[in-house]
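Below sits a lone chain in structure tokens, taken as the form predicted alone.
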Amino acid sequence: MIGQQAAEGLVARVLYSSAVDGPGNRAVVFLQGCDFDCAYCHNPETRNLCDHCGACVGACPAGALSIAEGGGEGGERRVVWDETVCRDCGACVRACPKGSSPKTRRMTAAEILARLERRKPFLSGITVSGGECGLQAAFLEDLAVAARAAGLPVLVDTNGSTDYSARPRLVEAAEGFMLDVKAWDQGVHRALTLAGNDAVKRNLGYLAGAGKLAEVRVVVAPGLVDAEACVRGIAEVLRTAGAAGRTVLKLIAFRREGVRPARVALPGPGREELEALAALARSEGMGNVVIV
């Protein structure tokens, strides 16, 4: 709309090249903030929002962080990050009582695309992740529309907590959605993420029916995730939507890299367990099953 201010996203970081976040070589935009607290979270520093307490400032060995009094939107103090001297060593996150990152910035879709302009000939598209990108739906929608017009289709990497049926413009503009199903049983899901999964299941059916479900992913973490129930439940919903044969089901082995220190000792699944789940998925009508 004419005169409407462009939505801003709180961006944790922009990765300019990735071969594991969708097909081809993609840029990845990570947004800050998540409404799940997954026990095996691999991006824990993107979950909480920085409250500008300043605990990270003295911990930064590069002097990339400082306090600006009255620098916030309401005149409050805030932590300022100097990207040009940052060593990306992670000391700030380790010092934060909330395990959060102060290295965020508010950006519009136009600013994101400007950063990617010179890399555009080498990119297949953009994947928007997090955190949980659906929590910033207005920005996500603007980015999907603008990026499609620029020839960089957007994949939405989401935990499914946002009601995407209420965002038809976003759904239409996006190339597709990569939906994480953390657990199938409500109790297991709450124990794993501290949140329910009713919205996730609704999105699974809605996006599949809309032809926008590019990929469904299950992290296989023994003792934490009811992976067999996930496979059966996902397959049933996708069969009903007529999408079981064409939707990618990705079974992802839990890995320790990047998780919070308290979770490093969690066991990963054996290859036999992953192969058995893949066989189950195929027997349930899933036509494209990938083990990672």
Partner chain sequence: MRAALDAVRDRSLTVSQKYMALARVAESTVKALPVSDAVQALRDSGVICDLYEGAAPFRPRYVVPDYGRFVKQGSAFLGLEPPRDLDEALASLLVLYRHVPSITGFPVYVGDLDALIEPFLDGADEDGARKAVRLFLLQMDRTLTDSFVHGDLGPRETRAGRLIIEESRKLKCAVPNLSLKYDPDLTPDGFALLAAECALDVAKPSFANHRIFSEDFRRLGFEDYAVVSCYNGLPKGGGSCTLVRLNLAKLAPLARDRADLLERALPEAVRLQLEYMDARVRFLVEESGFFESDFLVKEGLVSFERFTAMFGLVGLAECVDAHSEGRLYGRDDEADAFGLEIVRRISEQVAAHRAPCLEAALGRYLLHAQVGIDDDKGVSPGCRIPVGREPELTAHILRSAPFHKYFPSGIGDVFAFEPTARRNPRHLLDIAKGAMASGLRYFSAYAADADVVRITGYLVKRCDLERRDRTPDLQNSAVLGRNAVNNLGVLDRRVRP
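Positions refer to the first chain, counted from 1. Treat the numbers as computed from the prediction; the structure is a model and nothing was measured.
Missing here is the form predicted together with its partner chain; even so, the following discussion is about that form.
- Annotation: in the predicted bound form, residues Ala7, Pro168 and Gly211 none come within 4.5 Å of its partner chain through any heavy atom.
- Residue contact check for Ala19: one or more of its heavy atoms lie within 4.5 Å of its partner chain in the predicted bound form.
- Contact annotation for Ala199: none of its heavy atoms lies within 4.5 Å of its partner chain in the predicted bound form.
- The closest non-hydrogen atom of Gly270 lies beyond 4.5 Å of its partner chain in the predicted bound form.
- With a 4.5 Å cutoff on heavy atoms, Leu123 counts as touching its partner chain in the predicted bound form.
- Note that among 22 to 30, 60 to 68, 228 to 236, 42 to 50, the stretch whose heavy atoms approach its partner chain to within 4.5 Å in the predicted bound form is 22 to 30.
- Comment: its partner chain is not present in this chain, but in the predicted bound form one of Arg94, Arg190, Arg119, Arg87 has a heavy atom within 4.5 Å of it, namely Arg119.
- Using a 4.5 Å cut-off on any heavy atom, the one residue of 267 to 292 that reaches its partner chain in the predicted bound form is Val292.
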